[in-house]
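Next up: just one chain, as structure tokens, the form predicted alone.
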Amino acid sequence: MTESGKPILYSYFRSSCSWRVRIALALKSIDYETIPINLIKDGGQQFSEEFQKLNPMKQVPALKIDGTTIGQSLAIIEYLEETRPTPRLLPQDPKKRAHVRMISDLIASGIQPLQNLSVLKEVGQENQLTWAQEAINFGFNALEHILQTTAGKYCVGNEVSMADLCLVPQVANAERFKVDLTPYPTISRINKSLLALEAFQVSHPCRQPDTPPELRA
């Protein structure tokens, strides 16, 4: 927490995991301070001794709040949900809540990590695009089928949930890696609806303190 009592989010503008948390903070109207951690500059600022003390996994995001520091985006979102439950991001119905967690985990564990900088470095420059496209398509094929049974206006029914916070950044990743989204009409429809909401706009990578001038909008 800062001297003013604001939570501190350690974030990188393009990090999809950081974006999830920024959306949650915006939806819950939580005022916070951003400390940018550039994942590329200086060999990656996440590897600094100072940041490793905050998050030994050397990843963003990390959130300082209520006298504690939390890493891992879904753990942060669940903490915010438990301590600041309005508006809720997990449905009251147990089955819907399970669906939200299932979709969130599918994206956060089954798709997104395969495009992490650390993984792409191991794959090699010449193979990165193909690797990322294959990983996203594999996951999106499964996700499209699931959403056809769970979705209303959003991923699970007609209320924004943690699953939606995971979906939008992952679609942005797919677009960055030039994935053809034509086979995924449900994903595309939900993504379009969510991007119209203010919380998804103010948290967008193009509107962050560390967004490079050429990428700002």
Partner chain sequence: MGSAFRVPPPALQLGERKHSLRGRGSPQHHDRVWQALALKSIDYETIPINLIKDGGQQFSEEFQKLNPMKQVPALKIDGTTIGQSLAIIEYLEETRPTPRLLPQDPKKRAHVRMISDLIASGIQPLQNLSVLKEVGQENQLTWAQEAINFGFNALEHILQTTAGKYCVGNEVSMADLCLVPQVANAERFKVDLTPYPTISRINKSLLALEAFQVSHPCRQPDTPPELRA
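Residue numbers count along the first chain shown, from 1. Keep in mind that this is a model prediction, so the values were computed, not measured.
Unshown form predicted in complex with the partner chain; subsequent notes refer to it.
The three residues P7, L39 and R88 each lack any heavy atom within 4.5 Å of the partner chain in the model of the complex. Screening 51-59, 25-33, 183-191, 163-171 for residues having heavy atoms within 4.5 Å of the partner chain in the model of the complex returns a single hit, 51-59. The partner chain in the model of the complex is not approached by Q125, whose heavy atoms all lie more than 4.5 angstroms from it. Within 4.5 Å of any heavy atom of the partner chain in the model of the complex lies no heavy atom of I136.
The partner chain is not shown here, but in the model of the complex it comes within 4.5 Å of a heavy atom of T68. Proximity of L129 to the partner chain in the model of the complex: non-hydrogen atoms within 4.5 Å are absent; the residue sits far from the partner. Along 81-111, a non-hydrogen atom within 4.5 Å of the partner chain in the model of the complex is carried by E82, T83, P94, K95, R97, A98, H99, R101, M102, D105, L106, A108, S109, in order along the sequence.
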